[in-house]
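Here we start with a single chain on its own, the form predicted on its own, put down as C-alpha cells.
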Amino acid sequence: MEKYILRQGLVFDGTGQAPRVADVRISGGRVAEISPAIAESTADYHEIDARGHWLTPGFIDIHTHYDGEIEIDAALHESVRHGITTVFMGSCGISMVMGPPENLSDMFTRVEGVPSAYVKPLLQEIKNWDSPGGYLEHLAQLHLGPNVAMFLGHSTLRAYVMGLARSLTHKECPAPHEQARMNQLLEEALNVGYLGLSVNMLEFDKMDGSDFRSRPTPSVYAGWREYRHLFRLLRQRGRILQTIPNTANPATFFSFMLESAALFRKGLKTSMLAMIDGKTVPGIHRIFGHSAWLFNRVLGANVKFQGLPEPFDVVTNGFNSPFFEEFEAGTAYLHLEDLAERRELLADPRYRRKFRKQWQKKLAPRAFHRNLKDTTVIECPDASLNGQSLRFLAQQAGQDPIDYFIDLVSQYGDDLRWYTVVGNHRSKELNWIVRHPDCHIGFSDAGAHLRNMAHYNFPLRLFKFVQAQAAEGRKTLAWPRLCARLAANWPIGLGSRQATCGKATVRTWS
C-alpha cells in the first residue's frame, strides 16, 4: 500500500478543535502522524504539497442502500469522490444478510427503486452466504472503495426465521422458538461487529415480485412485543436501533422515543428518520427537534434524527416514485408492470375519480406535497412542455390539473420526467436543522432511487451551504464543528470492536 506525506495543509482533525497548519503522514491506509513539520521522507513516501488546501477526516454516510450496487461496483465511486470514506448499509429494515435471493430481491428492489431484473439474477448467481458473519466475510472479499458498516435489517430477519409468507401476514406472531432464533441471530450479528438493527414501519414501502407484490415489507407486520425482545438486546449491548416510524400512525413516533428513554433501565441509542423541513407539514422538523431535546435531556433518551443538509429534490418518471405508494390509487398503478395495463387503468373513470379523491385528501400522511404548481417538466417527447409546471400546462390546455397529469402519464408513461422539491427549501430552517445537536447529518439514500434522487455529494453541499449562510450574516456551523459532524456523526461507543469491512475501521467516535 502506498505511503504519503501531505505537506502544510490546514488540518481539521474531526474533534471540533480549531484547525492548524501541519504535515500529515499516511501509512498502511491510516493516518500515522500529524506534526507541525515531519522530517524529510524516504523514497518510500510520495509527497504532496497541500498548502492552501484543507485536510479533513473522511466523511461518514449514515444511511445508504448500497446493498445491491456494492455487488456490481464495490468501489462505490459516487460517494468516495465526494469525500465519503465510510458508508452504513442494511438501512430501513432491509439487508442482504440471509435468506433466499428471490426474497431478498423482492424486499429490496421496489422499496429502493432498483430494477429487479438486475438484482435478482445477480443474487441468484453470487449468493453463497447465509449468516451475519458469512455476509461480512463476503464483503471483505470485494474490492471496496469506502469502509462498510452494517445494520441487520429486521424485515430480513423476520422473513428468514418465520418464512416470507408468514412474515407478511397480519397478526402472525413469531412462536417462542422463532423469537429466540431472532434474538440469537441478532446477537450473532452484534458479536461480529454489526452496528445494530434497522426497522421500517412505513406501510407505503412495498414488496416487489409476483407472490406478495404490493404488500408492505415484513417489519410492518411485527408487533411491539416482537420488537421489544430485540430492543432489549440492543439496549444491553449499547448498540443502535435505526428506525422509521409509521407515518399513518404518529403514535409510533412517541413509542420509539419512549423506547429510547432511560426509564428505570438503560437508554436505547436510536437513529430515527427524519428531520426534514417538509412542504407537506411545515415546521414538523422543529417538533422532532424539540421532542428529541426534551427526551434526551429530561428522560435520559439517546435519540438522533437523521437529516439531509440540502434541499430534498426529486426527479420522477411518470408515477414511478415512492411518493405514489403513499395512497392506494398510486400503488394500484405501480402494482401493474405492463404499460398497456397501466394505460387501461388510467383510462378507467372510476380509477380517475379514486385517484383524484385520494390525491386531494388533506389529512392523509404523506411526504410529497402534491402541489402541481410546484413541479417542472424537465424531459418529455413533446419538448414544448419542458421547463413548465404541470399546473401551468394544464391551464394552458384548459384542463383540470389532475386530469391533465393523468393524461400525460397515460400518453408518455416513464418518458415524462418532472422535478420538484419536497423539503429543506427554506435556508433559515435548513440552517436550524444542521445546527441542531440532535440531528444526524446524512441520510443520502445512496444506492437507492437511482432515477429519482442523487444526494451523494451532501458533505460538499453542506460546506457550500454553511459558507453562504455565513456570508448572509447568519449564525451557522463553524468549520471545525462542521467537519466533526460529518466525520463523527454519532458516538456509538463500539470501543475496539471492528465494525467495518475495508481498509480501516471507524475509530473517530468516542
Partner chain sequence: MIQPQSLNEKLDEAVEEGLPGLPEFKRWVRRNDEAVPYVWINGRLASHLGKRCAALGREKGLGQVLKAK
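Not measured: the values here are computed from a predicted model. Numbering follows the first chain given and starts at 1.
Keep in mind the form predicted in complex with its partner chain is missing from the figure; the text below concerns it.
Using a 4.5 angstroms threshold between heavy atoms, L195 counts as touching its partner chain in the predicted complex. Under a 4.5 angstroms non-hydrogen atom cutoff, its partner chain in the predicted complex lacks K171 among its neighbouring residues. Residue contact with its partner chain in the predicted complex: G145 places a heavy atom within 4.5 Å of it.
Using a 4.5 angstroms limit between non-hydrogen atoms, E33 is distant from its partner chain in the predicted complex. The partner is not drawn, yet in the predicted complex one stretch among 100-108, 146-154, 243-251, 423-431 has residues with heavy atoms inside 4.5 Å of its partner chain: 146-154.
A heavy atom within 4.5 Å of its partner chain in the predicted complex is found for one listed residue only; from A261, L136, L123, V377, this is L136. Site annotation in the predicted complex: the residue of A75, A397, L294, I287 reaching within 4.5 Å of its partner chain with a heavy atom is A75. Interface residues of 107-125, taken as those with a heavy atom within 4.5 Å of its partner chain in the predicted complex (partner not displayed): P115, Y118, in sequence order.
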